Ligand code: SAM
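We begin with a single chain expressed as structure tokens, specifically the form predicted on its own.
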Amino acid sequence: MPKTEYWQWYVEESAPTEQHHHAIDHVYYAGRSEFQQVSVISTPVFGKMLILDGDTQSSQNDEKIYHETLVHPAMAGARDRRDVLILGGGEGATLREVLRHPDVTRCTMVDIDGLVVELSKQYLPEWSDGAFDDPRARVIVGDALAFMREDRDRYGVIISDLTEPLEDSPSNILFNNDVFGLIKSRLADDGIYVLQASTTAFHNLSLHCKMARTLRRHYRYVASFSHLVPAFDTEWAFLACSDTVDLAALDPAAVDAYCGKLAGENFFYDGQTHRRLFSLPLYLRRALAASGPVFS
């Protein structure tokens, strides 16, 4: 086959000496919102991609790995799924996955960047797949911190789909001990809080471990789980937090029973996958057990 020449490349840098290059087929949007740089592009391997501040948020061809992993372990283990809160999640895919379960009567999504929400509706409708128009969806464009301070509802599941707390990120102020305490105050007594929690690659796991150490101050059970997300070019991690439910101990048969009630078919997650997600390598278990910095 003749070699195709690409004149534009999206280069994601994970470290000064590490880069992932994506050839660009098409640029749908490139600009800046009030809060961050926003791009929507198309690539030969991953299809359409949403990029914020130079970091891949999700891609058309593997976003279900990320979003099913973020949402369904917590939903499978939850004792009450009627009322769910999503922090972030502008693409609408997290909302889509939550609303697949018939127990859900309301799902509130709070994202600070209205431009990301509108661009996702325009260019990435596959991500939300109608979720924004579901009568059970309450979509709020606003500050998640302000919402939680003003809101008095409590939720059976809270899902944090925020960007990483880098210094220039709008999510930075949402990662500290006080905010984690505020989130818990909005969680039902037997609820589950789950968050995307950076990487668990052997060379880049310090932020994940810092999150886990901090959250252990607030919850009896704090379980790490992770899987490779190809568009991210790394092992991506999550944390599930609860005072009553240890998701690492969830029975695969119970997961399969949960999945059987979902609308549509899963791409990635089931009982066997659940067991794999929570089977952590030795280096990560050692790092999580070690003492180290926490969020103040």
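Since we're looking at a predicted model, the values are computed, not measured. Numbers follow the displayed sequence, beginning with 1.
FYI, the form predicted in complex with this ligand isn't displayed, but the following is about it.
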Report summary line: in the predicted bound form, the residue from Ile112, Leu99, Ala212, Ile183 with a non-hydrogen atom within 4.5 Å of this ligand is Ile112
Query raised in the report: Which pick from Leu52, Val245, Ala231, Ile41 sits with a heavy atom within 4.5 Å of this ligand in the predicted bound form?
Result: Leu52
Report task. For the three residues Ala144, Thr163 and Leu174, verify that every one has a non-hydrogen atom within 4.5 Å of this ligand in the predicted bound form; reply yes or no. Result -> yes
Query raised in the report: Gly156: heavy atom within 4.5 Å of this ligand in the predicted bound form?
Result: no
Report task. Evaluate Tyr269 for contact with this ligand in the predicted bound form, applying a 4.5 angstroms cut-off between non-hydrogen atoms, and reply yes or no. Result -> no
Query raised in the report: For Tyr258, is any heavy atom within 4.5 Å of this ligand in the predicted bound form, or not?
Result: no
Query raised in the report: Is Gly90 close enough to this ligand in the predicted bound form to count, meaning some heavy atom within 4.5 Å?
Result: yes
Query raised in the report: Based on heavy atom distances of at most 4.5 Å to this ligand in the predicted bound form, which listed stretch, 104-112, 203-211, 128-136, 184-192, is the contact stretch?
Result: 104-112
Query raised in the report: Does any residue in 34-63 get within 4.5 Å of this ligand in the predicted bound form, counting heavy atoms only, and if so which ones?
Result: Gln36, Leu50, Leu52, Thr56, Gln57
